[in-house]
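There is one chain below, alone, in structure tokens, taken in the form predicted on its own.
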Amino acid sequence: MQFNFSSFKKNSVSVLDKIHKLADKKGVSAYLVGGIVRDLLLKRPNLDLDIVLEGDAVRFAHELLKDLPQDKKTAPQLITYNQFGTATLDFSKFSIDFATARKESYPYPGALPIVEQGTIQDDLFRRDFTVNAMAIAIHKDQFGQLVDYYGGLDDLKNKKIRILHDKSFLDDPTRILRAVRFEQRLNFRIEQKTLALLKSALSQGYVETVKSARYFAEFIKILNEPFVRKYIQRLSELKGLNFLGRNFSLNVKLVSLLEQNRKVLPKNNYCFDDQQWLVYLMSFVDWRYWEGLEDKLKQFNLNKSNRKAVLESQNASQFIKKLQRINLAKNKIYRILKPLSYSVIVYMRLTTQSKLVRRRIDGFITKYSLITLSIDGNDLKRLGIAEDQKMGCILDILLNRKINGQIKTRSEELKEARRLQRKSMNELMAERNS
């Protein structure tokens, strides 16, 4: 099979041509490999290019950089990882990864591999599935030819996900998650023998041989896919979610509600993509039945703010109940939602069935959360108000008034501040909490 790369973007074709010419000049065999080859065959979009060379990839990337535009606007950034023999050219709209062809061996199940230089055949054999183990030659004589040692093209035609060897899941159990991710993303099926080996790997506890953080990092990729529900249900069917905890409970109804509501989420008002995996993590698990939840989140290497968000989501139903109260003033809505993590607010917006609550959350996101005072503590000092608890209380009251539309301008804020200045601390506290 011969490729002409006509479907590539103009910039990609230009760089690919330079790679081709440099490879010929240096007498190096260079290949386009992995997911980009699979997606080319499937006619699916893929902007990033992976290049494998039977030679020094870091030196090749340095030399290629010299042939590329050097002005600040168009010049890519070169990032090298000498210890791994890899480099990345990062352009504004796409990137190219370069790697020296290598072969891998695993000293024990779940270990990071021992790497040594190898051939393109070695490099393709170390990959996860046959459909990801194809290459296209981009050097002299073989330019555009498909390299397929392991039957990837046939599996692509037959819509099958197949591992390359029987110990694949033992060597790297994260391939369990990747098998499901590619199966569902491409609408393929895991091949029968591969499925049997996957189930065996799960039942024999291969997942426990991998650090929790590494396994969970692969799981996050699933939670960032479109239509997450089908991925999660497939994993649940295979008993592939037990790594989350012994008392794990999949709440399909909640996930379905989230998936349904995200389709109509006002995209101009919400930044969902950045929060997607975290919101799904909150929604498909009934956290009440988890033991040592915070410790588990630490094992998964969630940072402090994400752990905080997940723990806050435990009380989402209580916050929603508060937001359902009749005649709830705008500043009260602000007070309920302001302390919460943004991802928790999005989670509540997507999982509540109350139109009133959705409307109030939308109001907070688009209006109330953006309101600020025109005056600050320095202005209050000039009025003779001391920098103490009273000052903070007055600023809170002023913000409440502004959110409720009772004051609008700087002069109105100052006038209200003078009125509040005459009140006692107890009176101010009562007014703030009213």
Ligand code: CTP
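We number the residues from 1 along the sequence you see. Bear in mind that the values here come from a model prediction, so they are computed numbers and not experimental data.
One more form of this protein should be noted, the form predicted in complex with the named molecule, which is absent from this view; the next part is about it.
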property	result
Residue contact check: Q275 to the named molecule in the model of the complex, 4.5 Å heavy atom	no
Interface membership of R38, the named molecule in the model of the complex, 4.5 Å heavy atom rule	yes
Non-hydrogen atom contact R185 with the named molecule in the model of the complex at 4.5 angstroms	yes
Touches the named molecule in the model of the complex: S369 (any heavy atom, 4.5 Å)	no
Contact residue in the model of the complex, chosen from K221, R189, K298, K140 - any heavy atom within 4.5 Å of the named molecule	K221
The named molecule: the contacting residue among T174, T351, T100, S341 in the model of the complex [heavy atom, 4.5 Å]	T174
Stretch in contact, per heavy atom within 4.5 angstroms of the named molecule in the model of the complex, of 229-237, 177-185, 250-258, 191-199	177-185
Sequence-ordered residues of 343-378 touching the named molecule in the model of the complex, heavy atom within 4.5 Å	none
